[in-house]
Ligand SMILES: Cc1cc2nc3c(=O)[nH]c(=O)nc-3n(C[C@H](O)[C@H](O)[C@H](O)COP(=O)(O)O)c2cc1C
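There is one chain below, alone, in structure tokens, taken in the form predicted on its own.
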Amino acid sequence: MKLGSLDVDSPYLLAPMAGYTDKPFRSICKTFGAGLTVSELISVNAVYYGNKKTMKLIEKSDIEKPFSIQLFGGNPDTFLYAAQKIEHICDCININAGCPANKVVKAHSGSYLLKEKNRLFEIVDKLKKHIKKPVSIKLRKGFDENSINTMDFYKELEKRGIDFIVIHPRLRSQFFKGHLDYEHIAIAKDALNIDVIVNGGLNSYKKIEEVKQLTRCNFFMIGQSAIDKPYIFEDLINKKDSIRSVDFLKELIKKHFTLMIEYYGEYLAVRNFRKFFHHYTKGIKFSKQLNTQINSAKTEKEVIEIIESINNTQ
């Protein structure tokens, strides 16, 4: 299956999410069939200055193929420098023009670029001229009600060489709540010759089928729902919505934590794993008690004991 020039095993892709799509989590999603994995949001300024923590975030596992790195920034020259520095690590560069976070927007990055489209075009032009790997873009349908993206804007991105576009059909002003305008994506799909990927609100096979019928898109990017249930990619490939057993979840949690230990070491793994554990235990009996315990855990041994105790709380 082709996504632009990339070979992908499935049309269901993992969205970039700050604080979540690190190497261990991406590896988990890949084993369940994610067709493409994408890094966390990577600051071009941090890459420029060689920030060690940032360079750690773009490490990938051997099974991540294809793998995309998402960059955010506002300076076209710095953007190009960062892209050239990390190009050898990935199969695709993704431009972030959708992040609604205040600190990102204040830095004239993320969804702010939808207000300064000429600057965004300059970034695209520089990357397409100097980067050999495919270049994609992830954006929102507009910054606010007064600046909704036009089809001419999307066509201009296509004309300048963007390989594929990911659209989250909310405005920046909506952040992560409110109506998802899938009809906007449907119009963009009809207007463009490149692949248009749907992102936002995709939490089940049933939902995917509804959105597919509405938008006629072939590719779908899963974000929040993948944190809750990374096996959603396997469900989508199998065309069903499954309910997994507690034993299955327990083994999954253990596997994920083991990968985090290998990647971060004990101290950081224990602390970074807490947020994932909270998602995994949604709907499990006594989850509040389990989450309180995991928040207090400080060692690998303590975390493993809490995971092993899950069956005993049912």
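All residue numbers refer to positions in the sequence shown, first residue = 1. The model shown is predicted, which means the values in this text are computed figures rather than measured ones.
Beyond the structure shown, there is the form predicted in complex with this ligand, which is absent from this document and is the topic of what follows.
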Problem set entry | this ligand in the model of the complex: contacted by all of 37, 136 and 165, heavy atom 4.5 Å | no
For this session: Consider the chain as shown here, without its partner, and state which of 253, 41, 57, 259 has a heavy atom within 4.5 Å of this ligand in the model of the complex.
Result: 41
Seminar exercise, completed: In this chain shown alone, the residue from 197, 211, 188, 222 with a heavy atom within 4.5 Å of this ligand in the model of the complex is 222
Exercise. Residues in which of 115 to 123, 168 to 176, 79 to 87, 233 to 241 have heavy atoms within 4.5 Å of this ligand in the model of the complex?
Worked result: 168 to 176
For this session: Would you please decide whether residue 68 lies within 4.5 angstroms of this ligand in the model of the complex, comparing each non-hydrogen atom pair?
Result: no
Exercise. Should residue 25 be classed as touching this ligand in the model of the complex when contacts are defined as heavy atoms within 4.5 Å?
Worked result: no
Exercise. Is there a non-hydrogen atom of residue 304 within 4.5 angstroms of a non-hydrogen atom of this ligand in the model of the complex?
Worked result: no
Exercise. With a 4.5 Å heavy atom cut-off, would you call residue 215 a contact of this ligand in the model of the complex?
Worked result: no
For this session: Just give me the residues of 3 to 21, first to last, that have a heavy atom within 4.5 Å of this ligand in the model of the complex.
Result: 15, 16, 17, 18, 20
